[in-house]
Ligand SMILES: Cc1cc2nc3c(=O)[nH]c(=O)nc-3n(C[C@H](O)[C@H](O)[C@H](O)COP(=O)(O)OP(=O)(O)OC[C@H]3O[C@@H](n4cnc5c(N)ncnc54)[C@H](O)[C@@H]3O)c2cc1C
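Single chain ahead, by itself, as structure tokens, in the form predicted alone.
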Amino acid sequence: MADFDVVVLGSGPGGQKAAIAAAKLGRRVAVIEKRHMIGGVCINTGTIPSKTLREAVLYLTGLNQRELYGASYRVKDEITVTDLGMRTQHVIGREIQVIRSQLARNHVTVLHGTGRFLDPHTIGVSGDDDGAEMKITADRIVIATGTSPARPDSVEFDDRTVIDSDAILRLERVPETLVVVGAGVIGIEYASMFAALGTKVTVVERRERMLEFCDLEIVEALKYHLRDLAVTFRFGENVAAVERRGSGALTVLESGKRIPADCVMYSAGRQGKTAELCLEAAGLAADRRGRIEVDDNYATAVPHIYAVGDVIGFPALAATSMEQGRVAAQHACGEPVEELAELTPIGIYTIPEISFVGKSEDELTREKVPFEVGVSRYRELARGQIIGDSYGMLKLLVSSEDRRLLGVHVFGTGATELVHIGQTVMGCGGTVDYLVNAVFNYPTLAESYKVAALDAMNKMRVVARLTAEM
């Protein structure tokens, strides 16, 4: 008889939900995690600290109040790393307590240490304290080890002047100048935060645009806003070298440009944390990015071993990881499983934030799907005027044939919350008529749905009339 029915490697969002779901089904469950990493990357160095840092930046800089009270409206003139870190550490500590409590309440055994496969059913756990390895066996195993920032071999990281997205949380001071290499989600999120603090930020990206999976109009709005915060963009540029110089670093581009800065942050993607797992002992292998291939139920090539979360690649979101963990645990325990909903919202916590669900204009155009666009701008809403958000917008993509909602794209205050209204309408197969006829609280930003729906409806009405007259 195995020591456990289910063993989970990693305690991030996917690992937590897998362990708890299996425990609620009456299984004997263990989670393996380093003592200082309970909650995984999400809680300790990723989602939670970066989003808490963002809220601290917004509060301390008074950026949200700038249009109402002027640029000088700041809680503190001199904002320090200590100011930014106080709330972050409090939230991290609180979240870790919540996770420990949830695991204990569901009778999940937590083994502190590092796990590796000894054979397909046996895990060796090296303890945090003495390094001694204990062996445990399991009928089912879930890999939820997450990812770490990718570090190019050509770059000398020192975690002070040349850093990745983990080390940026440990900076000793707010840099006056910062180069961000990579205009993906993490790079642009941190670029916007430090720009809000007054740091002169330069973003270097080898592609011709940033956030290529986002709606182009939304990205252009974000780019305009970031340029207003003095962010400089260098698109179509590759970094040839980064040279440490005294108290800073010099970024040399292949084009010959040289950019001095206090700090250089690399945001060059993520690498699956599988190197220490000894996957070959279990009959598994990872790709060059450390990712593990799975089927629709998150089972690997070895049927009793599952993998969930960032370690399997796209979409690599905390929200989807949680659902993947739950589904994997149910399947592992022989329970009926429903596929995850296709309509997964994407949230990007830039300043201002972006969120979307469904198709983009480019996707619908490529797929030759006829659609109409309805737009609402925050500056036209009473709530937008009240909160001083004149740049926000909500865009609906509506089928010209059956009036179904095909996509929702939001930029501005509350975007990551607002998007769920559209997600719900889309998930229920709703049409733009529902939003036209719905009554929204006034004054709210949610009212933007009605304004955008009316805009789309009016455009479709004009097209129908002109078509009939031709």
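Given the structure is predicted, the values throughout are model-derived calculations rather than measurements. Numbering starts at 1 and follows the sequence shown.
There is another form of the same protein, the form predicted in complex with the ligand; it is not shown, and what comes next is about it.
Q) Going by a heavy atom distance of 4.5 Å, is Val41 a contact of the ligand in the predicted complex? A) Yes, Val41 sits close enough to the ligand in the predicted complex that at least one of its heavy atoms falls within 4.5 Å.
Q: May I ask you to state whether Ser448 is within 4.5 Å of the ligand in the predicted complex, using heavy atom distances?
A: Close contact is absent here: in the predicted complex, Ser448 is far from the ligand, nothing within 4.5 Å, heavy atoms only.
Q.
I'd like to know if Ser50 sits close to the ligand in the predicted complex, meaning any non-hydrogen atom pair within 4.5 angstroms.
A. So Ser50 counts as contacting the ligand.
Q) For Leu9, is any heavy atom within 4.5 Å of the ligand in the predicted complex, or not? A) Yes - in the predicted complex, heavy atoms of Leu9 and the ligand come within 4.5 Å of each other.
Q: Can you check 143 to 151, 328 to 336, 96 to 104, 213 to 221 and let me know which stretch has heavy atoms within 4.5 Å of the ligand in the predicted complex?
A: So the stretch in question is 143 to 151.
Q. Would the ligand be touched by all three of Gly309, Ala316 and Tyr349 in the predicted complex, meaning a heavy atom each within 4.5 Å?
A. Yes, each of Gly309, Ala316 and Tyr349 comes within 4.5 Å of the ligand in the predicted complex.
**Q.** Contact residue in the predicted complex, chosen from Tyr190, Tyr378, Phe371, Tyr266 - any heavy atom within 4.5 Å of the ligand
**A.** Of the listed residues, the single hit is Tyr190.
(Q) Only one of Leu279, Ile186, Met393, Ala196 gets a heavy atom within 4.5 Å of the ligand in the predicted complex. Which one? (A) The residue from Leu279, Ile186, Met393, Ala196 that makes the contact is Ile186.
Q) in the predicted complex, which residues of 1 to 35 put a heavy atom within 4.5 Å of the ligand? A) Those in contact are Leu9, Gly10, Ser11, Gly12, Pro13, Gly14, Gly15, Ile32, Glu33, Lys34.
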